[in-house]
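In structure tokens, one chain follows: the form predicted on its own.
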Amino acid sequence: MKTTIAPPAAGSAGGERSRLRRLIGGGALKLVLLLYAAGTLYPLYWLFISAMKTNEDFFAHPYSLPSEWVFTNISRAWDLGNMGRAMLNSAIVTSVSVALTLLLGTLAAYVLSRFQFRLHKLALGIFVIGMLVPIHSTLVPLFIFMNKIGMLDTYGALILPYTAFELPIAIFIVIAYLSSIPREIEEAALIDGNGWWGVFFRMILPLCKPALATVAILAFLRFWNDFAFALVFINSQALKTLPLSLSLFSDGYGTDYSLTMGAMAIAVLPTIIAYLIFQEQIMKGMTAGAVKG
């Protein structure tokens, strides 16, 4: 008695090929993302291993692990660059500037997104123009203006320009996010007896946390790493910010790379910590308002 084996169904073979293609495609995507992550993280890895090398080792083996781990580079950079004071100055300037940017930017965005008035389009146009102005082209007129009013060599010489130049991007990020918040929420709050200030502080600010986190981290990166404004507007050693302290390890004749890398490793840590804390809120704020409905 003969037994016959039926050939596999065409649909089954097609399903196997489809699953195989999905597996290959998923593996290729994961490989690309892994390579991208490695390329993104490698500069940080290189910075931290370079911070532990001597100058001779840095030039002889720039991409390998240190032949001898020199942990004193960090402490020497901290002491020689007076980085404790510089970090405090940067923290004061950055925190106050970020707070002002969030408050004023959210207030302006709320008014521009929820109210219609005669100069509405003009106000929006002014903020658009503010995004187009090259920041560093204003250094000379700002220096002359601050010199006349006696504001040079103060925290305000950095806080006010930082806030002013960051407001346009903050306003448009918050406006995009507010477009995803139903107006009925505000109407219900008004019916319950809240005024406009109550609606703003009790409803709008809490609901805008993702957008505010995005604005905060973008502003933090710009303010914390700024060199040009601090160089022009600050001359007092007691008010120098962190980027200015990094320049102390380089002069016209050479650069102490071991101390420079150690100082840069210290300077970059607050940025990494801030991003890790707010990364979820940042992603929500960047995508909110992109798709309505």
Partner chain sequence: MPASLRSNRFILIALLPALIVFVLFAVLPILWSIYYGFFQWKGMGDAKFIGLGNYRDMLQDPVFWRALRNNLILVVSAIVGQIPIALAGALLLTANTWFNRLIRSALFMPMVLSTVVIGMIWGYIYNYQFGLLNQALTLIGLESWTQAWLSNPKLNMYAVSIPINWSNIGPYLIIFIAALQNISSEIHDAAAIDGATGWRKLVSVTLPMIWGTVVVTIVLCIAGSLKAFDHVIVMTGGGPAKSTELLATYMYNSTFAVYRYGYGSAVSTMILLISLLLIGINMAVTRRKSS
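Between two forms, the rigid core is the largest collection of C-alphas that superpose within 1.5 Å. Positions refer to the first chain, counted from 1. Since this is a predicted model, take the numbers as computed values, not measurements.
In what follows, reference is made to the form predicted in complex with its partner chain, a form of this protein that is not presented.
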* **Distance check, Ile272 to its partner chain in the predicted complex, heavy atom within 4.5 Å** => yes
* Asked: Any of the heavy atoms of Ser75 lying within 4.5 Å of its partner chain in the predicted complex?
  -> no
* **Phe223: touches its partner chain in the predicted complex, heavy atom cutoff 4.5 angstroms** => no
* Does Thr40 reach its partner chain in the predicted complex, with heavy atoms at most 4.5 Å apart? -> yes
* Sort through Met151, Ile92, Ala99, Ala188 and report the residue having a heavy atom within 4.5 Å of its partner chain in the predicted complex. => Met151
* Residues within stretch 206-228 having a non-hydrogen atom within 4.5 Å of its partner chain in the predicted complex -> Pro210, Ala211, Thr214, Ile217, Leu218, Leu221, Asn225
* Asked: For Ala28, is the C-alpha shift between this form and the one not shown 2 Å or more after core superposition?
  -> yes
